[in-house]
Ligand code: PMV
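What follows is one chain in structure tokens, specifically the form predicted on its own.
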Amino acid sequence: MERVATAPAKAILFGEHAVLYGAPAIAVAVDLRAKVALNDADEWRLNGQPLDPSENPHLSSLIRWASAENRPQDIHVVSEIPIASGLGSSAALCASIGALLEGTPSSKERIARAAHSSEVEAQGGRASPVDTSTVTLGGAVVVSNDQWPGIEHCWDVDLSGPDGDRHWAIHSLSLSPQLKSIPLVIGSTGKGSSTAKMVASVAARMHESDFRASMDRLVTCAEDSIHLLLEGDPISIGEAMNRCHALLREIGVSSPEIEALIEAALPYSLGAKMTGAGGGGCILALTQDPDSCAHAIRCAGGEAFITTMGAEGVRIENFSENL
């Protein structure tokens, strides 16, 4: 019997860069989804082709995690999530596949840990659990160095890697029905960038007092956004998005392509900001006029996706225990 699971894309709403300097990262699941179907097979295949472990380290890690080496599967993937756009496409695939590989359905915590471990292995020991936690839990997720008071603490993640020991506390934050009903338009610049280079450029300027002051304001903005999300007022959240983007622009992680899409989206939005490391990638616009906002983004040269925040996390659509 075919086994099927889906998982959503993710977008970082607040906390880019500031998360490395003590701020929480706040991410939301959005309703672009990746769908994975598994069928028993004579050999491991991915979309009809033999699975090459060297080209698919994420999948190889998950297969070992599930002790499934001797249970080959034909894996078929269909995804609405743009690749390499900072929207968590690999995390969504890892969570979907991880949900199906074991003989019985796994808990979301177990799926998220397995998906994160696969990303750590594929990325040379460096990966935060933001993406994998968000696509697994769905809704809104807060990842911080310590437990955050007033919101649901789910689990902790520890990692020893090339950059030393890291600890994260994973939280689930409930979004109001009003906020979940307002569209979030994602605008893609179509330009990739190196997260490592963007992070390094920020670190190189942290000794500058004015720059550090801007970063301190970014940390505060991220912390304040948790309370705004709990209150659920879209206007206040849009204003916070605008303030956050102004600070990200101030520290030099925006780009002409990002600014063009922000300028196009703002007349139709409650707020708009870049998402992710910057230098390219995507923007987010919270809007009550998604069609006009998306049209403006496309006219400015971007690709637009009309979504909503707070999507359901990884979901098993069909499962057979007879593996």
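Small disclaimer: the values here were computed from a predicted structure and weren't measured. The numbering used is simple: start at 1 and walk along the sequence shown.
Below: the form predicted in complex with this ligand, not depicted.
This ligand is not shown here, and in the predicted complex it never comes within 4.5 Å of any heavy atom of Ala23.
In the predicted complex, this ligand lies farther than 4.5 Å from every heavy atom of Gly279. With a 4.5 Å cutoff on heavy atoms, Met309 does not count as touching this ligand in the predicted complex; it lies far away. This ligand is not drawn, but in the predicted complex it has no heavy atom within 4.5 Å of Cys154. Only one of 39-47, 271-279, 53-61, 66-74 lies within 4.5 Å of this ligand in the predicted complex by heavy atoms, and it is 271-279. For the candidate set Leu159, Val199, Ala246, Ala122, a heavy atom within 4.5 Å of this ligand in the predicted complex is found for exactly one residue, namely Val199. Interface residues of 56-74, taken as those with a heavy atom within 4.5 Å of this ligand in the predicted complex (partner not displayed), are absent.
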